[in-house]
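Just one chain follows, in the form predicted on its own, and it is written as structure tokens.
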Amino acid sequence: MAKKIGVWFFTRLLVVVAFLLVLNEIYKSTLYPRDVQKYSRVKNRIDSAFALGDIIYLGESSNTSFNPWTDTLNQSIGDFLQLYIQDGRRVEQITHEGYHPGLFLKMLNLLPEDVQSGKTVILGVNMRTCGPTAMFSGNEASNQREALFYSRRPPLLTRIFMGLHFYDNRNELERESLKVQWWRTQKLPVPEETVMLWNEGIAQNCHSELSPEIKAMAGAYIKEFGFILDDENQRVSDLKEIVNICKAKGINLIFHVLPPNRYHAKRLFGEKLVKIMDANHDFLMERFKQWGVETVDNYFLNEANEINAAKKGSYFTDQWYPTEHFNAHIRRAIAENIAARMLKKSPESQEFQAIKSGVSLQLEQNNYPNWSIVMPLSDSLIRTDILN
């Protein structure tokens, strides 16, 4: 009797498995490509970049940001990098706006099984994405849904996971609550103690002489950079796991640290906010050293910092919010520093200067600005004697 039951159960199990396999193949060849285009628009780009590229640049919007006021070149960081790397290696780029290390980590699931030793992955490290504003972004649910497709599981199973919301699908209200809780409870090394109290002090009468634009700008800087990094931070854990995966697969990994707008942060708050930002930068650099990952540190990039204050932060596309959106001056400088490290040359060396001069003729203007337009700079409204 028990034997008959076992045979009956096993037979029906085989039928169910066969049915699911057939259904998976039907879905894979019919609806799956449409779902990839609809829900995971860069998935196919990831596959081709990992398959074809010798150097794969993983970046968010900083890679392709473009300033219509000042740019005459629209090359991305990866485009500039390809100009400097002329030893036959092919640079492929994967750019996704609003992404962070946790999502780039999931992209590595799509690396070929027989990944070639010697491939290089370059990951832009945006320190701001380690803070609560990015971690509890209202876009995170759609990002996590998209990342379901960064897997080699059967396509039908991915569709089932998506249908059952088998991912971090907390809604915007829940994430906003977590964000506010962070701002209210996490202690900072400033007299105001928390982001919430600091921001309330600016919004209230103690700074009534500030224009509404500068109040909003100051609040945004506090919320974006008012946090202290430690080993418990999820983004730090994600970066460490990326290092471990690349080491296990024999992939050369380079982190490059993006420059924030320290110029405006200092104009707004003097050293008070910049000290927090710099401490977080130092923490990351120390961890990268411990993990043994090659790092190109663009945090203090000349084109983005006080040494270039005569430009009043004009190389940053967003003047009223602290994004890492750059015009071609900064994008090109970042690429030069990465290329110099990859070619094992100093950026100031005669050899690398020769490379730069050799490729400069390839950089042609492809759009021409209206010279009568003057870009409005937030610098004109910032008084350094108010918030310090």
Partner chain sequence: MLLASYFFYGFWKIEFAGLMLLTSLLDWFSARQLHKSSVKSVRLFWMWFAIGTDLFLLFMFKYFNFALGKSWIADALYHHNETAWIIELGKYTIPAGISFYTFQSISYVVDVYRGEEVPENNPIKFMLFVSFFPQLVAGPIERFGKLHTQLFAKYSPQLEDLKNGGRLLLYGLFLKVAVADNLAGVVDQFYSNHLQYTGASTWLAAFMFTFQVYYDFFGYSLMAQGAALLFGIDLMDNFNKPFLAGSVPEFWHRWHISLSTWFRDYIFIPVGGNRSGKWILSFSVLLVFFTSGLWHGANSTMIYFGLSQGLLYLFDRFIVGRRGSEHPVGLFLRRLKTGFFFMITLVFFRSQSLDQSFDVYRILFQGVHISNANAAELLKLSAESQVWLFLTVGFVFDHFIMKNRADKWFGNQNLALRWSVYLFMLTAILLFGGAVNHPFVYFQF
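Residue numbers count along the first chain shown, from 1. Just so you know, these numbers come straight off a predicted model, no measurement behind them.
Keep in mind that the form predicted in complex with its partner chain is missing from the display, and what follows is about it.
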Which one of K240, R145, K106, K223 is close to its partner chain in the predicted complex, taking close to mean a heavy atom within 4.5 Å? R145
So which of E97, E294, E271, E176 gets a non-hydrogen atom within 4.5 Å of its partner chain in the predicted complex? E176
In the predicted complex, R159 touching its partner chain (heavy atom, 4.5 Å): yes
Any chance A354 has a heavy atom within 4.5 Å of its partner chain in the predicted complex? no
Do Y27 and its partner chain share at least one heavy atom pair within 4.5 Å in the predicted complex? yes
Verify the contact flag for Y39: yes if a non-hydrogen atom of it lies within 4.5 Å of a non-hydrogen atom of its partner chain in the predicted complex, no if not. yes
So which stretch, 163 to 171, 283 to 291, 124 to 132, 256 to 264, is the one near its partner chain in the predicted complex (non-hydrogen atoms, 4.5 Å)? 163 to 171
Heavy atom within 4.5 Å of its partner chain in the predicted complex: which residues of 173 to 197 qualify? L173, E174, E176, S177, V180, Q181, R184, K187, M196, L197
